[in-house]
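To begin, one chain is listed below as structure tokens, in the form predicted alone.
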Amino acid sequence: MNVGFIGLGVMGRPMAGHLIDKGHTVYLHRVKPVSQFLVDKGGVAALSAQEVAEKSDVVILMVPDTPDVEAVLFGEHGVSAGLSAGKLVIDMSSISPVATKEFAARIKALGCAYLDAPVSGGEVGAKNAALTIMAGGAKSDFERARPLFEAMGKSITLVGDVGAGQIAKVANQIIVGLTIQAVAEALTFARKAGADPARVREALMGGFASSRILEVHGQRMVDGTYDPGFRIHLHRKDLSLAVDAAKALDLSLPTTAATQQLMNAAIAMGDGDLDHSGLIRTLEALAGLRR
């Protein structure tokens, strides 16, 4: 396919690279020195998002937040200015489910299709083409996009209509964030009480408390190594989406709100660019255990 890819960050660069490796013609916007290798391997640099849309049958976005998606789609020389009927826009960013439905309606009014398809798996999943992809939209559009998704991910699910992918991603981030906080609290408790957190984690891995987060992030907490990964400030953004949506739905998410506040504290302490397992540093500071 002729594919446009906008958003060549930590996640977007390997994702676009996999599409090029599969033989797709990939048009790239905002190529910088760190992403020049994509052009060297066959990608085509474009001067604007509009140009990407003009030359592509499918346009993929992978940018940080809701305002970024809106700007790329509808700003000056944006994607919408280059679309023609029958094209497909896929937003793989993690943004507001409410805004997603609005953006989809505006794109559909131009005679084009829209999927929201946020991902989970972090930088490692992106590099290994092993992302979990949660999509929302029409089944026919999902099937059209499937070969592209299969180039980037392993677990690929059509969750429901437009917006359902973003809802699933927010739910994912609630579970991950709260579990990271639970593991961090448990290991901080162990350390403060005088036990070896490494041995406590080893013991817990054999019981009902075992989880992928205890395995991977718990090890990072024990080792005190917090290279991202997935940064705290980005996870805080996702929990803010959950809290904002809960308010709109008159829904109480008390523990999600508490974890969001702990992430606020971590960012205030200068830890926003650490992997989200670094949340334990905030709890350690509160316990007088800061390393």
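Note that residue numbering begins at 1 and tracks the sequence as displayed. Remember, it's a predicted structure, so these values are computed and weren't measured experimentally.
There is also a form predicted together with another copy of the chain; it is not shown, and the following applies to it.
Are 134, 170 and 258 jointly within 4.5 Å of another copy of the chain in the model of the complex, each by at least one heavy atom?
The answer is yes: all three residues contact the partner (heavy atom, 4.5 Å cut-off).
Can you say which of 143-151, 71-79, 195-203, 84-92 gets within 4.5 Å of another copy of the chain in the model of the complex, counting heavy atoms only?
Of the options, only 195-203 has residues within 4.5 Å of the partner.
Which residue, 112, 99, 129, 182, has a heavy atom that falls within 4.5 Å of another copy of the chain in the model of the complex?
Exactly one listed residue reaches within 4.5 Å, namely 182.
Out of 253, 31, 44, 234, which one falls within 4.5 Å of another copy of the chain in the model of the complex, going by heavy atoms?
Result of the distance check: 253.
Taking another copy of the chain as it sits in the model of the complex, is residue 175 near enough to touch it, meaning that at least one heavy atom pair lies within 4.5 angstroms?
Flag for residue 175 set to yes.
How about residue 219 - does it come within 4.5 Å of another copy of the chain in the model of the complex, if we only consider non-hydrogen atoms?
Residue 219: no, not in contact with another copy of the chain in the model of the complex.
Applying a 4.5 Å heavy atom distance criterion, does residue 212 contact another copy of the chain in the model of the complex?
Yes, residue 212 sits close enough to another copy of the chain in the model of the complex that at least one of its heavy atoms falls within 4.5 Å.
Please check if residue 262 has a heavy atom lying within 4.5 Å of any heavy atom of another copy of the chain in the model of the complex.
Residue 262 belongs to the contact set for another copy of the chain.
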